[in-house]
Ligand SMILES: Cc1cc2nc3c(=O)[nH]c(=O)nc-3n(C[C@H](O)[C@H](O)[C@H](O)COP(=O)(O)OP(=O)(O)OC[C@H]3O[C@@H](n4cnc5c(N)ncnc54)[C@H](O)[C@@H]3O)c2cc1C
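Here you get one chain, nothing else, as structure tokens; it is the form predicted on its own.
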Amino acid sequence: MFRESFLRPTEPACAVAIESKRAIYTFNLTSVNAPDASSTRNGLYSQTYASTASVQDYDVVIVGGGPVGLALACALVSPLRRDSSLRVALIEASDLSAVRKWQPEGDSFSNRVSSITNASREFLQGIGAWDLVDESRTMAIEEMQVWDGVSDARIEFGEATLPSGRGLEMARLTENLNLQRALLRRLDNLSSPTFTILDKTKVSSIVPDTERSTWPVVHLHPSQSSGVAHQAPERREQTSPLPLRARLLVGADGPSSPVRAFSKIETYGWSYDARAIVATMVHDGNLLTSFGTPRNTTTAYQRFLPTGPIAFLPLSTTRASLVWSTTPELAQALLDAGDDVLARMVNAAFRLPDLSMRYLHQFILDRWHAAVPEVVGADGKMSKKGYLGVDEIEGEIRWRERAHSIDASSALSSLPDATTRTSSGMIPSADAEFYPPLVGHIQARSAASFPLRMAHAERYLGQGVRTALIGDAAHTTHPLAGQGLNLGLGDCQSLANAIHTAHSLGQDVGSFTALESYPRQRYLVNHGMLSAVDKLKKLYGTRNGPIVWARSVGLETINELDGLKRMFMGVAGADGDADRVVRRRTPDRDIGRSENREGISTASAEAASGHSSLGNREEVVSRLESTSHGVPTWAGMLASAVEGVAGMVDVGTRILRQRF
């Protein structure tokens, strides 16, 4: 937990308060007397305070310059708002000029991509950022194929399952850098005199203000004082950044959030025993269907293996993004084996039965453990790279295919000669479209992995410290549903609306009363998503016979109900909602949404503030669920439905065991 103590100041805090008055405040500041000797021990304060003799005042300070932090900044300074006079600052540790200058080669793609739902895209359009995204580097998702890696039960999403009137797209894939660059360009184009970016600048500490103890003061890292402060309409060098004092401090600073630590907000969750392998895959885009027509290249594929799901996400007609969740040991073994071996294993993971995949995984691990590490590079780092040849893994795959009677012309064949055959113009088998195109190779230096975990903050607003959390600072989830960034953009929309509404009503934008609508709107939505994704991962992470049967029956039953699938896609964001686009609201409208300012629902107020008469967070969430929407994703609903069937099977099994 973040904790600091400072020496007692040499002059009274009241003198500092007089010296640091700023015209931005619309109320009179009250001086705070310095504590007497009885309130200190050995010359130290029990509470940290910051001298505000030389600070820069802002209405909102955002820590974190990723897509979520930049989106919130765009929403707050948008000229579409008549009340866009808020003074906003954004702090980012990295050099954002590298993002501004990002110019990738046409055929190469970053390995960090996100699926932007139609609802999120409308929000980005509403703040003027989406028009600056390079759409030639985005790809529509028009169809989805999702299936069980053990039973091969399948669910399909296509045109018939899309909400009516929304076009043919379920979502759009884009590189995170593409979106981040567009948001920066939007902020640069706005040239708002009330907005400042401090990049190449780290937060060294966050402490309460001396004159208003709930106001956070952000101290910047001295070693990064040479960072450039970008401030419209002109940019200036800031050799020694002054501390920033904020009415509201927003943490968009990732899972290890300093803002969350300062706010003393606990998180709950756990690390999965898994890592996600990400890479950019290259495949042949000139493929045919069984009817001889060009094959659709806008289909996403996902197979749920017991060790973790693997996803094929199209980026262009010949490129796709890989997200493969598996055990940490196997992830490292696959990366060490090299790109060619990884490509062969990706093809096999989408096609071979679970029994053969288990054999191949064990074969790779045995070879990896037996390999002798070698020194790589000048730093003396030990590595097992290249321990397995591509000919060896192809031989093992070929042997497993013969064992399963998989013909070389079958869509289940994962060997490279199938790529040559289909690209030469031969008509593939009828079930070829159920599986992704065969991967030819992995883009150089694109393969990597990162750990997976689920975490959720106990609350989104600090208690008495004027802070708010958004994005990964508030919640992190497994990537199997592709909703992480979309949840963060939803946070931005809700928080920006709360801030603008408070500002238009003349309220203090950092007060709890002004921001109470934000956690009330977002906490249960995010909680539902995190819970559903976690359940889905656990549901498909077992080979237990009754559970496999139950989830397969549930999946295939839902696949026959287009109306139900259409509803799933609508709540998952495929049906964009114009009301989600950031816009100016009238005070009456906003008050109407919150029912009444002083008498909001007890459960909502308790959850937002972190105080509860119910005894624990689970009971608060349970009460809130009675007045909230359901899980906001097709994956969540599917998980709940199938898990319910599995639960009934489990109960029946226990009864039979007791009787017999």
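Don't overthink the numbering: it's just position in the shown sequence, from 1. What you see is a predicted model; the values in this text were computed from it and never measured.
Keep in mind that the form predicted in complex with this ligand is not shown, yet the notes after this line are about it.
Here the marked residues G254, P258 and G482 all reach this ligand in the model of the complex, each with a heavy atom within 4.5 angstroms. In the model of the complex, at least one heavy atom of I91 sits within 4.5 Å of a heavy atom of this ligand. Looking at A75, you'd find every heavy atom of it more than 4.5 angstroms from this ligand in the model of the complex.
This ligand is not drawn, but in the model of the complex it has no heavy atom within 4.5 Å of L179. Proximity of L190 to this ligand in the model of the complex falls outside the 4.5 Å heavy atom cutoff. Residues within 4.5 angstroms of this ligand in the model of the complex, judged by any non-hydrogen atom, belong to 197-205 and to none of the other stretches in 329-337, 434-442, 197-205, 533-541. This chain appears without its partner; in the model of the complex, the one residue of A457, L461, A276, I393 with a heavy atom within 4.5 Å of this ligand is A276. Proximity to this ligand in the model of the complex, defined as a heavy atom within 4.5 Å, singles out one entry of N347, S494, T280, S114, which is S114. Residues of 60-74 lying near this ligand in the model of the complex, listed in sequence order, are V63, G64, G65, G66, P67, V68, G69, the criterion being any heavy atom within 4.5 Å.
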